[in-house]
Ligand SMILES: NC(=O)c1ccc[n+]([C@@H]2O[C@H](COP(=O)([O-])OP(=O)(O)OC[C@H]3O[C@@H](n4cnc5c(N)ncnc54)[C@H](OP(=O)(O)O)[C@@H]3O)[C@@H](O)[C@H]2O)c1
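Below sits a lone chain in structure tokens, taken as the form predicted on its own.
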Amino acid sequence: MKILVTGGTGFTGKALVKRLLDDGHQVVAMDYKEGLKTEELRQWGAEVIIGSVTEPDVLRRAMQGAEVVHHLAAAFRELHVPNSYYYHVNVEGTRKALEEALRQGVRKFIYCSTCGVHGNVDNPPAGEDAPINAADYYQQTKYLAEPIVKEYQGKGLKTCILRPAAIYGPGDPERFFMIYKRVASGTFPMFGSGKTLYHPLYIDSLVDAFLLAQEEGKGEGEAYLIADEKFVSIEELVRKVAQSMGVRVNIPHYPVWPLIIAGHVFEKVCKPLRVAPPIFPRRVDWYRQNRAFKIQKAKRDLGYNPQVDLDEGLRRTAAWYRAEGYLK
């Protein structure tokens, strides 16, 4: 098939493009700017189209002849932009992509949302019917696009929504790297009890879910939480990272409230200065917000079955960080 992946140069998008190409599909990868990753995608055999999902002409060209659209493009951790930018890209950009997909007769449209739409999980583990409690503007706008996706399902475009948990794995230069880097130092400061729940998602398992979701008759009009088989406490995660690296780590505990205050202060001070804050509220949330989910619905409807457990996934990730020079 001819398949379009928006956000094709991101961590998830790149992994999805590679698998689709390996499976023999014709792949168009769309992203908003050129870079080293775009050239690598071309070398693999993907067609790369540069432009924003907010631009109808770019979407029209990218979708020509596509049977499936995987919509991963999103504003995420953007610096020096107003909140309206997130709405413009994540909500209006999704609407425009859906409209073009309907117009061109795309067979299926898969929208990548986030487990973050549920916010802190009060009664873990949470299913897809758990309360929506998006904490920041990224999560809020990702959820605001979900009803629009379902609206187009009603118009005749087959759709499916995936809500990935905490994605990690080889090829990820930043999401889990801070954990590995701190563990490598020998000391990982833990703010709070360390018992907060966290649900990882190995990148290959997420790609599996995208491929399952694109199949005819699977998951149409539904939303699915996608995660590893098991969730862990954040302290257990840190200890497992240390095991994957073959090192010992000391985990001293500190109160979390000073970090919460610091996160808000740094965000307010740094934003007008147009510099990246060293700590911000969303990063602090890692220490205090439960993220633990049920994946039974994806197993039942999509045939989802994560194959790589956390220990093996962390080991592969550590090996990649070392091979790429991120870790010694």
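Everything numeric in this text was worked out from a predicted model, so none of it was measured. Heads up: residue numbers just count along the shown sequence, starting at 1.
Quick note: we don't show the form predicted in complex with the named molecule, though the next part is all about it.
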Worksheet item: Would the named molecule in the predicted bound form be within 4.5 angstroms of a non-hydrogen atom of every residue among Val28, Met63 and Glu100?
Response: no
Worksheet item: Gly169 near the named molecule in the predicted bound form, any heavy atom under 4.5 Å?
Response: no
Discussion item. Considering non-hydrogen atoms and a 4.5 Å limit, does the named molecule approach Thr317 in the predicted bound form?
Written reply: no
Worksheet item: Might Asn133 be said to contact the named molecule in the predicted bound form, defining contact as any heavy atom within 4.5 Å?
Response: no
Discussion item. Residue-level contact is defined here as any heavy atom of the residue lying within 4.5 Å of the named molecule in the predicted bound form; does Ala73 satisfy this criterion?
Written reply: yes
Worksheet item: What stretch, of 231-239, 105-113, 215-223, 149-157, brings heavy atoms to within 4.5 Å of the named molecule in the predicted bound form?
Response: 105-113
Worksheet entry | Option touching the named molecule, based on a heavy atom within 4.5 Å in the predicted bound form, out of Ile295, Leu41, Val53, Leu302 | Val53
Worksheet item: Heavy atom within 4.5 Å of the named molecule in the predicted bound form: which of Val183, Ala145, Ile161, Ala165?
Response: Ala165
